[in-house]
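Here we start with a single chain on its own, the form predicted on its own, put down as structure tokens.
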Amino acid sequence: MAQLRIALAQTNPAVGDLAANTAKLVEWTRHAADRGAHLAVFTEMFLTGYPVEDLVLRSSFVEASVAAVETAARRLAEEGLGEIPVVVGYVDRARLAPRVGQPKGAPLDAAALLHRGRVVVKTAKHHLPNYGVFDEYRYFVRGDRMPVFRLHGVDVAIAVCEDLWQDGGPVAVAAEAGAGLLVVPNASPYERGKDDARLELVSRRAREAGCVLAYANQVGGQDELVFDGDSIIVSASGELIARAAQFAEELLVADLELPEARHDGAAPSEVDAGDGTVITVERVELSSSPLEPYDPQPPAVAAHLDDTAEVYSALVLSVRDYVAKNGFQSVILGLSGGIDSALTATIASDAIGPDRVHVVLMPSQYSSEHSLGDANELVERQGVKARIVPISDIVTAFDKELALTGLAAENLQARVRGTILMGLSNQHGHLVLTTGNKSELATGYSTLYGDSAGGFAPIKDVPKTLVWKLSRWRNEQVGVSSPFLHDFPVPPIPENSIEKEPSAELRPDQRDTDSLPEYDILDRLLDDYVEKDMGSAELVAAGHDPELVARVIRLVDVAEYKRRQYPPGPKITPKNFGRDRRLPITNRWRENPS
């Protein structure tokens, strides 16, 4: 057996900032060198950030990416780091002749091996995902080459992200090629429960490949996506060797016992990939002799967050990165005293600090005394910056000219509040956070250009029942040290905001249940209809009330135009409104419960 110390750079790149990402590559490679690593592995498309979406259809962007990987190789050598082989993701081009159905310029979701100032070998993602949040047939062409490089007597193969999630392809070829280690750069977005599925998948693929598997995953927020890290290394038998923390940058270092290379061939060879394709194996030798035996360091195995902590950390990281990467210095939101705005304000305080969070209390003639009191109590508990702007006179001025009644008059109040927030945003440069939850978005229980007005929606993918759960959990964390929690001396959310019956307070004695069923009933139905795509007959068969099924389906379907105009927000469920679920607005299909 041979020894090898590997470093997985679980890092947070910025999309499009090739210079900063290259500098980060050099910095983290130096960290790996300082810890005695023999190989450093960065994440999928690290140099460009991920996902870059339609940027890959611009020739200027792809050529800049190709130049960046060459620059990175030279910089590593110039800074005395050229002896450490580095695997890094970027965007390349297949140089194919243009044809119908092929993405413009034939871009590749590529990975390169950098060593001694050169790009030694390149590869590209073989399996292109085209489901959920992924549109990679739109952006990339398939890779058909797998590099296997010999490092200190060990044959190391490279695959990219989705190549693990599909049968056949590079995993099967790695087994056929006799690799002792398979390294996989990833940009795998977070959703609830995915970490367990990911470990099971990586363990299974390691057994199929018959080698140790090192899975390096991106971390950070990028628009609607959150990447949770959770990088892992498993043995050839699928046992966990090392694991990085979730939602944090980390250099995961592990000493591995690996079989010595046994393959003698140097010429490229074509291998049946087991998925109807052929992959060419390219062998490169960096160093043939195993290292002298050394004392291994104990590997790190990070403790896993429980489900609620995991979701909360994802939301905080998403807000933090959206604010930072888009150049905002502060955020602003309307604070009503209700649970949704209370949770949103708390997430913002945890993400960027309460001194950068501005809240506006906008009482109307229908606002209850306890709501204003609950909002003021949150301000005192958290120390956010607050101002009060009563809206009754503004609404009266509108109504004098428009004479609105009923729902139109209710929505006018929400639109006045939205106008105030956007005006303060324009004046002071704050990012406006909306406070609507997934249950409201699903049923259209929000006012277009009112409470939907803003730049980012932290709880857009959080069902109402989970809003309560997250709020109670956050209040229990006083005194707990965490990079995702501000050190509040008292529970940050007033208990009354959590316990009181929810209401929009747009008319006398209004309650959410005037328009919607109880949220525990509603959220179960929405989960089956939105997340699981059940039709009406399936919903009734699953035990939902037929009349409620018909009513909720109609609410969801007719609100599609509202959701299209809602700000982006972090995806935490398997199917969010936005990248995951795209239905036509003009649509006459209706489910029939009978």
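Numbers follow the displayed sequence, beginning with 1. Small disclaimer: the values here were computed from a predicted structure and weren't measured.
Beyond the structure shown, there is the form predicted together with another copy of the chain, which is absent from this document and is the topic of what follows.
- The partner is not drawn, yet in the model of the complex one stretch among 228-236, 80-88, 402-410, 211-219 has residues with heavy atoms inside 4.5 Å of another copy of the chain: 402-410.
- Between the options 74, 138, 472, 524, the residue in contact with another copy of the chain in the model of the complex by a heavy atom within 4.5 angstroms is 138.
- The contact with another copy of the chain in the model of the complex, taken as any heavy atom within 4.5 Å, belongs to 325 out of 486, 325, 283, 207.
- When contacts are defined as a non-hydrogen atom within 4.5 Å, all of 390, 529 and 568 contact another copy of the chain in the model of the complex.
- Interface residue remark: residue 427 is counted as part of the site for another copy of the chain in the model of the complex, having a heavy atom within 4.5 Å.
- Among heavy atoms of residue 130, some come within 4.5 Å of another copy of the chain in the model of the complex.
- Interface membership of residue 155, defined by any non-hydrogen atom within 4.5 Å of another copy of the chain in the model of the complex, is ruled out.
- In the model of the complex, another copy of the chain lies farther than 4.5 Å from every heavy atom of residue 480.
- Shown without its partner, the chain has 52, 53, 54, 55, 57, 58, 59, 60, 61, 64 in segment 52-67 as residues with a non-hydrogen atom within 4.5 angstroms of another copy of the chain in the model of the complex.
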